[in-house]
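A lone chain, given as structure tokens: the form predicted alone.
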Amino acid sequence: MWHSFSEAFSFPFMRNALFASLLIGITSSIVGIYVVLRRIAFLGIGLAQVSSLGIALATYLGLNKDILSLTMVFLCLVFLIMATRGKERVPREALIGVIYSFALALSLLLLSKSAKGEAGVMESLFGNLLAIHQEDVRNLLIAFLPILVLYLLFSKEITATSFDAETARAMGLNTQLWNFLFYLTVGVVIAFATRLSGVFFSFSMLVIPPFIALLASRSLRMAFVLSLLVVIPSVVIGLYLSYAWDFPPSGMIVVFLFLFLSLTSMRRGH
């Protein structure tokens, strides 16, 4: 059954889902450009699952979910940096895989003992965009706005550090500081996005729009623009069709992202 756009977004829960999804998608795609360029996309799924573990632990202990989720993500980042500095005996990706599996196992154990049971496991993986409240949207804005300003004002420094650390140091940049700020922003984005939208949606937004944009663009600046042009219609149309056809909104949005990816790949093939 088809419904009008005005009807679909006349409900507060749909508007909250729209605003939150746009905030998550826009911020994740901007940060995700550098995640993809640095070839650390697997870090995104690992941190998302660690964030989910923090949420499960907070639920089990009755603590603040945002604080514990952020804490777990930051501890994981510190551990990864300490464990892989210098000569690596094993690839960093392998260590991230171990952390992901361990975090997923602990999350399943904790959620199995919660009142939600299997529903809690599904929510941690796939989230529930329609359960987002106006307060959640405000918290996202408070958390993500400084990140957007940082990437807008200091894109040259972040780009230089990401592409060529040696040249960046020769230019007088503190590469350790900029690397720290980069990983800090990745951690904040993933922690807040996972808490509200689940592992699946947060990781998809971090990787798929940047991948499409980098595939279709010829410059980094154009990649940022294209990533937004992919995220915004995918969120709006995906949410609308999820309402009209009674499908999970996160799944419908990611399907549209994949359609954009397919069209981009076909265009490059000609």
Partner chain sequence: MEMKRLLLEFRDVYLGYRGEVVLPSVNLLIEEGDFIGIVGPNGAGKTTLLRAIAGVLKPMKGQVIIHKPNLSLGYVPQRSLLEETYPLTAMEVVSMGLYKRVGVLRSVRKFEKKAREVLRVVGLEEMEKKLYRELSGGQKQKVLLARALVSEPEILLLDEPITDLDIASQKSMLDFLTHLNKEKGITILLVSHLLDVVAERAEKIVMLGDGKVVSGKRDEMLSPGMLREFFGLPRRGA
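Residue numbers count along the first chain shown, from 1. The shown structure was predicted, so the numbers you read here are calculated from the model rather than taken from an experiment.
The same protein also has a form predicted together with the partner chain, omitted here; what follows describes it.
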{"query": "Heavy atom of each of 38, 214 and 217 within 4.5 Å of the partner chain in the predicted bound form", "finding": "yes"}
{"query": "Stretch from 67 to 75, 97 to 105, 188 to 196, 169 to 177 whose residues place a heavy atom within 4.5 Å of the partner chain in the predicted bound form", "finding": "169 to 177"}
{"query": "The partner chain contact at residue 184 in the predicted bound form, heavy atom, 4.5 Å", "finding": "no"}
{"query": "Residue contact check: residue 136 to the partner chain in the predicted bound form, 4.5 Å heavy atom", "finding": "no"}
{"query": "In the predicted bound form, residue 113 touching the partner chain (heavy atom, 4.5 Å)", "finding": "no"}
{"query": "Contact label in the predicted bound form: residue 160 to the partner chain, heavy atom within 4.5 Å", "finding": "yes"}
{"query": "One residue of 109, 142, 131, 83 in contact with the partner chain, assessed in the predicted bound form (non-hydrogen atom, 4.5 angstroms)", "finding": "83"}
